[in-house]
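In the form predicted alone, a lone chain appears below as structure tokens.
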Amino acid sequence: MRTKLLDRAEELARSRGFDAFSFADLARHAQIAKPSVHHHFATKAKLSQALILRYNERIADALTEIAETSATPRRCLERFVDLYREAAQDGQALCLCVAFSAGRSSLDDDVLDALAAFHTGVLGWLRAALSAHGRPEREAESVLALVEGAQLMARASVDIARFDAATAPFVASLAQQG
């Protein structure tokens, strides 16, 4: 039941925003009483912390898989962009951490710390990938801002073509470097 609640909460947070759903929404989806949701997550802050910790693990695993199975550093970075593109779900959703970043004013300190840890991990991975591709490590913040901002543009217009247009110059620059 806990996994089912986390799955639904993530879906709602990514598609509607973390502040746009309640424990009552989760209870209806799971066909349980609202107090039963509180049995698994005492507060929405505890739910948000569990969501981000689980998401961080999943993305860290995905990044490890990309690094280990990409034939070239260029392909590694292309797959990173693809990961964020897929998370945008054709402009219908955002990466969970992008959704949380947009609504950070309603998050408690533990969740903000987990969000910061997520970004630190992704930036560390990006620095290594960029360095392996012969690009400056300092580009990591720019690349992360690019894919997160591109998701927001795609979500605002409900059009994945906005993501593609925003990321196309970066992807093209990878091809130019070989």
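Numbers follow the displayed sequence, beginning with 1. All values derive from a computational prediction rather than experimental measurement.
Separately, the form predicted in complex with another copy of the chain exists; it is not shown, and the next lines address it.
Visitor: Can E57 be called a contact residue for another copy of the chain in the predicted complex at 4.5 Å between heavy atoms?
Guide: Result no; E57 lies far from another copy of the chain in the predicted complex.
Visitor: Answer with yes or no whether A145 is in contact with another copy of the chain in the predicted complex, where contact means some heavy atom within 4.5 Å.
Guide: Output for A145 is yes: heavy atoms within 4.5 Å of another copy of the chain.
Visitor: Is the gap between E141 and another copy of the chain in the predicted complex 4.5 Å or less for some heavy atom pair?
Guide: Within the cut-off, so yes.
Visitor: Does any part of A102 reach within 4.5 Å of another copy of the chain in the predicted complex? Heavy atoms only, please.
Guide: Yes, A102 is a contact residue.
Visitor: So which stretch, 47-55, 28-36, 66-74, 109-117, is the one near another copy of the chain in the predicted complex (non-hydrogen atoms, 4.5 Å)?
Guide: The contacting stretch here is 109-117.
Visitor: Hey, which residues along 140-164 are within 4.5 angstroms of another copy of the chain in the predicted complex, non-hydrogen atoms only?
Guide: Heavy-atom contacts to another copy of the chain in the predicted complex: E141, S142, L144, A145, L146, E148, G149, A150, L152, M153, R155, A156, V158, R162.
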